[in-house]
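Below you will find one chain, with nothing else, as structure tokens; this is the form predicted alone, and questions on how it binds or moves follow later.
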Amino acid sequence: MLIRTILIAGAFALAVVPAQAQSVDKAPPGGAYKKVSELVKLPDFLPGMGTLYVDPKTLPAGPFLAYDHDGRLASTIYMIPVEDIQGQKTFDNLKAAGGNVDHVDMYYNAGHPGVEKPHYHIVLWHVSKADEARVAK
């Protein structure tokens, strides 16, 4: 199971393709994206993630766009249900809305408003490891 999870995370990193439809460098991104805190009961800013936007039609996986306190894009996040990973579901042509990806993190979440089922956060960071502090608190 762990090997499969690691392979999936690697596939996300390799499958990253910049989004072409609109500029999302600054919040709000516009288009079909909505602020997550206006869709479900969550704070506007989530420490460690930032201010999140998502196209509701893409739930639960996303992509979620995560912005720092200054409205600058920090990461693109996918929230992949554990049952989809265990069921070996394929996720093709995943986009990194901010273009270049500096590094990728993957961690488990037991569920929260909007994505209640246990899932993994796949975080495609558009900033350096040191700049992750922009969304730390």
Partner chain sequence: MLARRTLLRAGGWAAGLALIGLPAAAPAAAVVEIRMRGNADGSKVWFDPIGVLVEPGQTIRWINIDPGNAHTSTAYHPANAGHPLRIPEGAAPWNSDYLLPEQSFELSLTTAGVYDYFCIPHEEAGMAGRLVVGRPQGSLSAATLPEPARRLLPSPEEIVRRKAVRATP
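Positions refer to the first chain, counted from 1. The structure presented is a predicted model; accordingly, all values stated were derived computationally and were not measured.
One more form of this protein should be noted, the form predicted in complex with the partner chain, which is absent from this view; the next part is about it.
- The partner chain in the predicted bound form comes within 4.5 Å of a heavy atom belonging to Ala110.
- In the predicted bound form, the partner chain sits beyond 4.5 Å of every heavy atom of Val101.
- For Pro47, a non-hydrogen atom is located within 4.5 Å of the partner chain in the predicted bound form, even though that partner is not displayed.
- The shortest heavy atom separation between Lys129 and the partner chain in the predicted bound form exceeds 4.5 Å.
- Checking Pro43, Pro56, Gly71, Gly30 against the partner chain in the predicted bound form, a heavy atom within 4.5 Å turns up for just one residue: Pro43.
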